[in-house]
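There is one chain below, alone, in C-alpha cells, taken in the form predicted alone.
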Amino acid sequence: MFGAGILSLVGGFAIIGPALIPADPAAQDFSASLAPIGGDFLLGADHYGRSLLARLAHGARLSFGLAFLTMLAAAVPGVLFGLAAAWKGGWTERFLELTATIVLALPGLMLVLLLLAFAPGNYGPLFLGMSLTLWVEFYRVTKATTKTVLAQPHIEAARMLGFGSRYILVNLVLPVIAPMIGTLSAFAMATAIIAVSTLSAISVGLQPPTPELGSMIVELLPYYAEAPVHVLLPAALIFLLVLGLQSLAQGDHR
C-alpha cells in the first residue's frame, strides 16, 4: 500500500501534470531567474526563469514514460523467450542461453554508451540500450520458473488427461510466473529511471533544454548556494519515483 500510494501520487503528477500545468517548460523569463518558491512560480524558477513546476511535471512524465516503454520492450521478448526455452528445451534453449550469455558479457552501461555514441542525446539509442540490457533478467527468471512448474506432477496429469499446451500455459503456468514478472517489471522501471537520470547527469544521455530530471540537477548545481531547494526538487522526484517502484515490487514479492 505504501509503494502504491507513492506511485499513484508521483505517477499521477507525471501523467496528468503536463496537461494541467499551463506553463511552457521551455519558456524563459530572465527577470525571474532563480525565483523563490511561491508568488508567480509555485515551485520557483530556474536560472533561465523557467517554471520548475512545469519542468518537473514534464521531466517526471519523460522518465516514467521512458522507463515504462523500456520495461515493456524488455519484458515481452524476455518472457516469450523464457517460455520457449523451458517448453522446447534442446537447441532452442541452448541458442537462447548462449544469446543471453553474450549480452551479459557486455556491461550494461557500456552497451548503452556504445549505442548513444551513434546518436548522442536521442531517445532511441537510450531506449534500445536499456531494453537490450534488461530482457535477460526476464528471460532467465521465466525459464527457470517455468521449468520448475512443468516438472510438477499436476502438469503431467493434465497432459495425460488430454489438456492441450494452451490450456496448461494459460491456466497452470502463467498464474505462477505472473507475480514474479510483476516484481521484475517494477525493478526494471526503477533501474531505467536511475539509468536515464544518471546518463543525463554526466552529459551522455538526454541533453538540455529537454526537461529531464538528471540534467535539471546538473543545470542547477552551480546555483546551489543561492537556491538549494531548486536543486533538491528534481532529486526528490527521482527518489520518490524509485522508492514507489521498489516498495511496490517488495510488496508484490511478499
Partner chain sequence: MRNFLLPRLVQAVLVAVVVGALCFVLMRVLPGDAAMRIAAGRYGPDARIAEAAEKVRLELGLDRPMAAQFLEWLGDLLRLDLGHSLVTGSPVVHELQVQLGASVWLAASALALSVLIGPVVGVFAGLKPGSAIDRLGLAGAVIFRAIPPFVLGLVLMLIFSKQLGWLPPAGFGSPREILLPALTLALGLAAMSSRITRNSVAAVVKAPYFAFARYKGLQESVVVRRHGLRNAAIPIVSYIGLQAVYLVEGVVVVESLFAYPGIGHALVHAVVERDIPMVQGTALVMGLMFVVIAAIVDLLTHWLDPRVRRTA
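Everything numeric here is computed off the predicted structure, so don't read it as measured data. Residue numbers count along the first chain shown, from 1.
The same protein also has a form predicted together with its partner chain, omitted here; what follows describes it.
This chain is displayed alone, yet in the predicted complex one of 174, 84, 111, 180 has a heavy atom within 4.5 Å of its partner chain; that residue is 111. Of the residues 157, 72, 170, 106, just one reaches its partner chain in the predicted complex with a heavy atom at 4.5 Å or closer; this is 106.
Site residues 4, 80 and 233 are none of them in contact with its partner chain in the predicted complex, judged by any heavy atom within 4.5 Å. Using a 4.5 angstroms threshold between heavy atoms, residue 8 stays clear of its partner chain in the predicted complex.
Contact annotation for residue 68: none of its heavy atoms lies within 4.5 Å of its partner chain in the predicted complex.
By the criterion of a heavy atom within 4.5 Å, residue 165 is excluded from the residues contacting its partner chain in the predicted complex. Heavy atoms of residue 53 never reach within 4.5 Å of its partner chain in the predicted complex, leaving it off the interface.
In the predicted complex, the residues of 173 to 209 lying within 4.5 Å of its partner chain by at least one heavy atom are, in order, 187, 194, 197, 198, 201, 202, 203, 204.
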